[in-house]
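The data below hold one chain only, encoded as structure tokens and taken in the form predicted alone.
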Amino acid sequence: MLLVACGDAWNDPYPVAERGQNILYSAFTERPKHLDPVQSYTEDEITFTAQVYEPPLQYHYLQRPYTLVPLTTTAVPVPRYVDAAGKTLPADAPVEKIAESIYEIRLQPGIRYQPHPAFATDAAGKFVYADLDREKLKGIERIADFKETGSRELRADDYIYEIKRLAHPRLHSPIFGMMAEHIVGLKELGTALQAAAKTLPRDGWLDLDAYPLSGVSKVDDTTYRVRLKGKYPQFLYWLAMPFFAPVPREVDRFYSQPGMAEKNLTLDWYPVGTGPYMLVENNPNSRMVLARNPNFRGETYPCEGEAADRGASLLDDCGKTLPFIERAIFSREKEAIPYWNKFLQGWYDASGISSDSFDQAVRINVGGDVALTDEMREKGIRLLTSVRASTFYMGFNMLDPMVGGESNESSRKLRQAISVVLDQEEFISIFMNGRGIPAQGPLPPGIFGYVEGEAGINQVVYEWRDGAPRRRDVATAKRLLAEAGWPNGRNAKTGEPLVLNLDTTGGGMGDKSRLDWLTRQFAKIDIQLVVRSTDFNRFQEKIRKGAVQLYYLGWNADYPDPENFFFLLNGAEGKVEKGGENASNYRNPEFDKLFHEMKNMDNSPRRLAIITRMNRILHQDAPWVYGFHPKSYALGHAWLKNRKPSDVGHNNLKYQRLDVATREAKRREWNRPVLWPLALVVALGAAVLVPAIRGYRRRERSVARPQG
């Protein structure tokens, strides 16, 4: 009787009051470490920060390739170029003549911050919580414990303040070094702030308004100007990241008061923004809750997208006011199986696919096409796939005399032979459940310069047959190896066997089955592979010193531009000589010249032609074995609308919509209590108890009978 009183679903993990509410339920596995936009740089964190903070720009939700559009600005800013004398240059001016790029950023009026105690003022206009200390904070444990809140309009000063925070010596922004090379005066500001911080107590507040930044200036309340050294068109992509979101001075001051950090009352714990949602509960070991910002101005859902978007019902909400969802509750799930089971029961609205659940969710037919299993289709679950803006590769150390050398034809042929024999299609099929596509070069799909079809294949490794790229056979690899001076894997002069060393870390590619597979691939052309496993720190040290022959690494795009991938092979980024990101220490004068020309160009046919030539050089030189670009597989229930995968645009919660009535009906259907086992237990209990009670009563009556 008590169980029946619980309702239809006895396993419902949520309070009864939440039933029928417009709440999205999801999960996270890793706790976010930083929610302060100046520090946050991981996918676990941007799940939350991207819904709260609003940088000037965002990516169009539906269009591909990824396209920048205004978020808080009136338009995507167009840079103005000037020479060393300050004279304005034409847009197509040669890069070497451009001394500075000037970006003028104009904000939309009427954008307001979420309610927050940092903005609370009294009748006289003074801040209510401007003089807090540990004594006054007694009884306050959460931001919700402050009784007074306020708001104000977004101003240009807020964006300027955040750019200054990049140079704050106590915040350690991961992009300060990079931005200091581009934003005029940022490096000098960092030096000044370091000196100032030394004069302050440990918990003293550093008022950034007291320190000018020459390269960033206020034009008026809704306009600010940023000056960059030379030409750097990729700066627009940074303007779509939380690093450049606004942080008001009064919020920084509010959180810097004595005793606040001890209670986790910080910007790292409770972000403050103008976005569609605000973080109202932060318990990273249990759950995180986003609630609709009552002050949000209301964007509208996009009306344009890719050709397939209309058929996928992604344009049904064209022009409607955002956001659709009132609250989003993210629960911590440390194990994949409980997460998966709750998704199947309807308690989570969406889910990824772990390797343990892959066969239950997806099947791959003979042609390699991916489809949902019958069980998933019967539940109305939808599969979303996308190729990530990532590249995984095996690199050759070009400083190594065996596999390297800038002009060593023998080493080049050796690298080409290995590139051919490492069957990436087989690797993806065996170890990734088909969740990836073989790479034809450094660029993944969706990045300008990636070319589909025959024109885009790596002709050293593939040939075009029957309308598709086909990997060249092992005989081709053996021929290349013989031309390199190693017929049948032995030195043509001395007869010694060819032995190569692969340095790797434990886990990932260090998994025994994968390394056994890799060893067998090398053995196809009689190369002996020695795997040298080590810990991550030691591996990094060996990469820095160039003490490797072969290694495995990957790269996720910071922003969707070819420069962000090709720089990994730029000679000026050599790991050993320059301490850069070119772990292969590859240097080709022609490639470097083309890279220097290409990196600051706008997307155009000319830029595409240069990229095509750069790819051809990399195909021939083969400093990497171009591995694969991983695929993301995500599942969503039928009641969750408007979901489209994106690797660079993370502020996607505002676009999604719930059909709450359908969700409630399906939850009841899938979680209907099964009562017959309970009835069976009761019947069995009765079958045991009734005879026992009867026997007991007979014995009692026989004992009570009078003796004659």
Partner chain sequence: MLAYILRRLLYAIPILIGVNLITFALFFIVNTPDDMARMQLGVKRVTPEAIQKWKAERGYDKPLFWNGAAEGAGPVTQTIFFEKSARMFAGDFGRAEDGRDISREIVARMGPSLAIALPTFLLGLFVTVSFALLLAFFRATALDFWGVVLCVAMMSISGLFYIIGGQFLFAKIFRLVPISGYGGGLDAARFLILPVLIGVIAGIGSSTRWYRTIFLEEMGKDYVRTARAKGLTETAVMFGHVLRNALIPILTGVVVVIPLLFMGSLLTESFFGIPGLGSYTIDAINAQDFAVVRAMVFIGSVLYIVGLILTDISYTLVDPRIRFDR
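From a predicted model like this one, the values you see are computed outputs, not experimental measurements. Numbering follows the first chain given and starts at 1.
From this point on, the text means the form predicted in complex with its partner chain, which you will not see here.
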Close approach of residue 555 to its partner chain in the model of the complex, 4.5 Å, heavy atom: yes
Do residue 116 and its partner chain come within 4.5 Å of each other in the model of the complex, heavy atoms counted? no
How about residue 31: is it within 4.5 Å of its partner chain in the model of the complex, going by heavy atoms? yes
Residue 595: heavy atom within 4.5 Å of its partner chain in the model of the complex? no
Tell me which stretch of 318-326, 154-162, 332-340, 71-79 has a heavy atom within 4.5 angstroms of its partner chain in the model of the complex. 332-340
Answer key: of 384, 93, 344, 312, within 4.5 Å of its partner chain in the model of the complex (heavy atoms) is 344
Would you kindly say which of 296, 269, 244, 551 lies with a heavy atom within 4.5 Å of its partner chain in the model of the complex? 269
What residues, if any, in 151-178 have a non-hydrogen atom within 4.5 angstroms of its partner chain in the model of the complex? 168, 169, 170, 171, 172, 174, 178
